[in-house]
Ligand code: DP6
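The form predicted alone is given below as one chain in structure tokens.
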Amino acid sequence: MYAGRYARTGPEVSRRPSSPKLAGYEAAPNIALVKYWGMRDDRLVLPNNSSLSMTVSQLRTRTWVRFDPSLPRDRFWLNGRPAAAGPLRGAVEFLDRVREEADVSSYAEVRSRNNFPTASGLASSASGFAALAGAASRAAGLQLTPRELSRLARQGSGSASRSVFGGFVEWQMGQRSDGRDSYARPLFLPDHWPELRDVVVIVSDAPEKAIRSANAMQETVRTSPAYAERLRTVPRRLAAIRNALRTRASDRFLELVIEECDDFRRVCETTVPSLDHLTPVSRAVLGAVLDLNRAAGHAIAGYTHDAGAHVHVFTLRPMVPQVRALLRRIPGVADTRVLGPGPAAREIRSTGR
């Protein structure tokens, strides 16, 4: 049987499982408006700073889990194919955590599908581990509150803690060494700012990640001369973006989103060796947004990106046609998708076959 690798630090709920069953969960990715980059404890995934994100509409991961005593090992199917070694290892380690919480000894079959590109900077790990946390905990018989599910999902991928909730979400870094105070909380529901849109720019030359974000960020902590200054300024920027969201102050919000993205990219590019997530097409998108704002005399769009080449351009709904037309004229832009604030993770009933 599996070898558990985690101390119990999980939910305050009864861990007596019901009979193992097939369970399904759906979660959406989120795009970080204030990034977390660097961990004070990489085993428990405890971040060096709090972060804030928007869960998006339309994109989703659907995951089904069944614990089966007849299985000789865990099996993980991703988008209809057996998962590669890295994703499989991450899923097995996470399932070990669930098994220990639920006192379940069986191996599991996991089937997961994304309706968007995987491992390309569109936060597939966030939606993936949020969906896996929901499906695996339900299949193992655990009854978790959203906060408890956020804490569990965090240990698969930090940003997954935020994908448990819909709309605008803050992940509190916490102070405790056991991680019990490190979880996400909803700030504003999806309908708080119905005019806000995320124009996702899919670039044609986007490579798959050469290094996992969890490993890359720790290299930044160790080597970037700009990292200490980032930690000093992030709390101020987080409070400012939170306030801009609360008041729906679009110009201020878009300016802050750009400022935060540029600061995140600065610490990545000053990491040794440098972490350059962007391609020439990505950089052309950033330049086009800045040119658009300069021509307008104020911020009508704001860009951000995570550890990948695709770019998210935020704007308001009336400006979407103009912004989208501009972006589509850039050579190498393969597609654009327009997303709004999206829903919380939820249980699903279909079989996943």
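Treat the numbers as computed from the prediction; the structure is a model and nothing was measured. In this text, residue numbers run from 1 along the sequence as written.
The next section is about a form of this same protein that is not shown, the form predicted in complex with the named molecule.
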* **in the model of the complex, R252 touching the named molecule (heavy atom, 4.5 Å)** => no
* Looking at the partner-bound form in the model of the complex, is A32 within 4.5 Å of the named molecule by any heavy atom? -> yes
* To do: Consider W64 of the chain shown here, and say whether it contacts the named molecule in the model of the complex, taking contact as heavy atoms within 4.5 Å.
  => no
* To do: Mark M217 yes when one of its heavy atoms lies within 4.5 Å of a heavy atom of the named molecule in the model of the complex, and no otherwise.
  => yes
* Option from 189 to 197, 150 to 158, 239 to 247, 101 to 109 whose residues, in the model of the complex, bring a heavy atom within 4.5 Å of the named molecule -> 150 to 158
* Structure fact -> Checked A284, L292, A307, L46 for heavy atoms within 4.5 Å of the named molecule in the model of the complex; positive is A307
